[in-house]
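Read the single chain below, which is given as structure tokens and is the form predicted alone.
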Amino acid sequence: MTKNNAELESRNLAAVLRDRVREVYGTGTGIDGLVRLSGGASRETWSFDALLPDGQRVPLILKRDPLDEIDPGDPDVNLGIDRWSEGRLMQLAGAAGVPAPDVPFFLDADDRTSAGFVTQRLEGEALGRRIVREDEFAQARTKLAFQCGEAAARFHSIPLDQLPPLRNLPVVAALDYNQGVIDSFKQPHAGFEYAFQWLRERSELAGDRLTLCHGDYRNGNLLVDHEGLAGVLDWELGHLGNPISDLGWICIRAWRYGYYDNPVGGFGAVEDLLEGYEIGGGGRVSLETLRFWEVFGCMRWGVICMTLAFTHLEGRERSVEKVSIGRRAVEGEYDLLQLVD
């Protein structure tokens, strides 16, 4: 995008936001400090303040679709939901007692902006490496795994009839989808093939529960402050599925940031995660079931790495970031073989 186009985009967005904050907070409300934040190739995130007539500031975040076309080769985009649905899930999660930012309003797509939603801007840290390493979060880490289990139990309990339309991902269909992606690369990957076979032979461990699933519940999508879990972020992969898939995903080695002795996100113990889940109302989860979903999550991450690599290698999008992440597919194969051994 050229500098002139970027400036025009920013001006158009500012005009849209001024109109909306006046509708929500009253005549005379303005905006200040509109800036696009880094991160997220498939979504745009903007920070700004609503300036109320009495001088108060309301710190806000806008998340919207990019104005240009989303890369169709990104597997997470293909499984994603629209911005209205994502914002609605955050509202429902907050109502269920999950730490989540308030969502005061939405944006409709028009000739000035794409669709999006606005949330409260919370204080805290979302970078996984800092959460597991920095001394300032040492106290938070002692209770974070329990809090993650408790929060998951709460959003898994949201009644299905309250949810917006979501994709249903049964385990067998999800295995078929991921195996189809791997097969499309026409390369031998013994670790992934063994994992697919292992998972299919034990698919009864998946269970038949069907709930809202976050879809990317992990260290890196959590906002953490000195007291622990301050917010569950990034609901764009929300879907219907087995709830324990979220617990398995937060335990895979890729999200431990080198702190492999702490299975839950690099900061906590499995026992704490499952205790929080049970006390939060999610029921008791066996270690065998959790292990199944950890293997599944590790396989899924490896497939995503492979897909990002081939997005670059096939020329659909030349990206150092994508090919660098793609190289981590071999870590996924190694982790899979350690898990199923």
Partner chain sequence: MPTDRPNIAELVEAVREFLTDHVGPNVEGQLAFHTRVAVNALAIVERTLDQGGAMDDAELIRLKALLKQDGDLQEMNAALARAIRGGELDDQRGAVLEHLRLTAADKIALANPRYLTPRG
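Numbering follows the first chain given and starts at 1. Note that the coordinates shown come from a computational prediction; the quantities given were computed from them, not determined experimentally.
Missing here is the form predicted in complex with its partner chain; even so, the following discussion is about that form.
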Quick one: of Lys143, His189, Arg88, Arg154, which gets a non-hydrogen atom within 4.5 angstroms of its partner chain in the predicted bound form? His189
Heavy atom within 4.5 Å of its partner chain in the predicted bound form, from candidates Tyr177, Tyr194, Phe185, Trp84, belongs to Tyr194
Given that its partner chain is not shown alongside this chain, does Arg218 nevertheless sit within 4.5 Å of it in the predicted bound form, heavy atom to heavy atom? no
Do Pro165 and its partner chain come within 4.5 Å of each other in the predicted bound form, heavy atoms counted? no
Residue contact check: Asp19 to its partner chain in the predicted bound form, 4.5 Å heavy atom: no
Is there a heavy atom of Ala6 no more than 4.5 Å from a heavy atom of its partner chain in the predicted bound form? no
When its partner chain is placed as it is in the predicted bound form, which of 144-152, 220-228, 240-248, 254-262 ends up with heavy atoms within 4.5 Å of it? 254-262
Interface residues of 316-333 toward its partner chain, as seen in the predicted bound form [heavy atoms, 4.5 Å]: Val320, Glu321, Ser324, Arg327, Val330, Glu331, Glu333
